[in-house]
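Only one chain comes next, encoded as structure tokens, the form predicted alone.
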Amino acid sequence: MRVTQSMMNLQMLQNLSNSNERMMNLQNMLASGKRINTPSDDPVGVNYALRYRAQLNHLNQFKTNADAAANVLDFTDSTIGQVTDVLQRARELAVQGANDSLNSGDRQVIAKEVEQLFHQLVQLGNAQFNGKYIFNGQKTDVKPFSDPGSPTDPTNLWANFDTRSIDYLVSDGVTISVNITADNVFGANSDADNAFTALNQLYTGLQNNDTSTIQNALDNISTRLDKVLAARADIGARSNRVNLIEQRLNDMNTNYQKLLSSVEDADIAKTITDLKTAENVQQASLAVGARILVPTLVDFLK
């Protein structure tokens, strides 16, 4: 086959074009840090990358739910801890008030502190997290307790009370209830050891200088305190489970990140080496091309 000057020129241009395209691809890989920048770079790899990204988005939503659940449970645990402090103090005052060595005036003084504990307990029952009442079931926008202004009438506290649970989806097929209703902490309205009723009983006994009533209040406060501690243990157990789920989600996220990286991330050291090689090839192509294009009619007549 006869090789003409035009054929050599076209072949040289084609080689230069291929070299430039290869350099451009390598430069894109270095600039983005990705081996796959367009679907045509690796169609099979793109399919895997999309699958891994979908799974990561799935896990991230579960992680967000688990974080939110952990925050609610931590706040609830802290609030129940404060309820425990109030009841423990009330029990101490009940023990003190039941002492026969005290006179009526002494018990009147203790009753003043019991009254303050009552108001503090109402405030804790109306605790809010992110603007939502934590002890009123799914009625998070409704205050569960109305402070009567005095411990003398606790029956009017339970104006708006809901017992439904609030569940968070924290993993595939796994939901965690993040709330505990008021009846499990403070007691139902009809319970003898209802926290507010017990404080009312203690307050009334101290006001009336009645040690028998104070003793009954002490018993009710003690049983309620045990139930509050059980409720706190329940919240703590749920919180621990959420923490374990969060750790598992983090591990799964790391695994999928590694898989995604192995598919679409560029090997920077190899890419730089390939780019330098491509630059050398291009320089050699340009040098050869210069030698092909240089000859003129005078060169042939020499």
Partner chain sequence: MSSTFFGLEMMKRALFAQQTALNTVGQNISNANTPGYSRQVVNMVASQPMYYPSMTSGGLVGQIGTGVDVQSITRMRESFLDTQYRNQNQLLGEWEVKSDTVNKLQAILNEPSDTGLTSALNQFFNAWQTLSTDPNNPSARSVVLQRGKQLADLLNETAQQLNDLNNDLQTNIQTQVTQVNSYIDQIQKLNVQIKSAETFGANANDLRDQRDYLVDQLSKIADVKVTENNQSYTLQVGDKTVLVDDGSTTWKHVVYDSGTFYTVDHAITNPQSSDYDTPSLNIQSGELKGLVDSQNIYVDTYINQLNDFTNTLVTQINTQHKQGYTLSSSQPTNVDFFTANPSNPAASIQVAITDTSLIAAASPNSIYTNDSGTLSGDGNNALSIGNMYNQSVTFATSSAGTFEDFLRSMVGQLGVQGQEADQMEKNQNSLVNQMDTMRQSVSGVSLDEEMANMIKYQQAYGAAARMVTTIDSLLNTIVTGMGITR
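Please read all numbers here as calculations on a predicted model, not as lab measurements. Residue numbers count along the first chain shown, from 1.
Quick note: we don't show the form predicted together with the partner chain, though the next part is all about it.
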Determine which one of 171-179, 208-216, 222-230, 119-127 lies within 4.5 Å of the partner chain in the predicted bound form, judging by heavy atom distances; exactly one does.
171-179
Can you work out whether the partner chain is within 4.5 angstroms of a heavy atom in all three of Arg248, Thr273 and Ala290 in the predicted bound form?
no
Though only this chain appears here, would Ile36 touch the partner chain in the predicted bound form if you measure heavy atom gaps against 4.5 Å?
yes
4.5 Å heavy atom contact, Arg51 to the partner chain in the predicted bound form
yes
Answer yes if any heavy atom of Tyr256 is within 4.5 Å of a heavy atom of the partner chain in the predicted bound form; otherwise answer no.
no
Can any non-hydrogen atom of Asn28 be found within 4.5 angstroms of the partner chain in the predicted bound form?
no
Here the chain is shown alone; which of Val86, Ala111, Ile166, Leu102 has a heavy atom within 4.5 Å of the partner chain in the predicted bound form?
Ile166
Assert contact residue (the partner chain, in the predicted bound form, non-hydrogen atom within 4.5 Å, options Ser262, Asn243, Ser32, Gln61) equals Gln61
Counting only non-hydrogen atoms and a 4.5 Å cut-off, give the residues of 1-36 close to the partner chain in the predicted bound form.
Met1, Arg2, Val3, Thr4, Gln5, Ser6, Met7, Leu10, Gln14, Glu21, Ile36
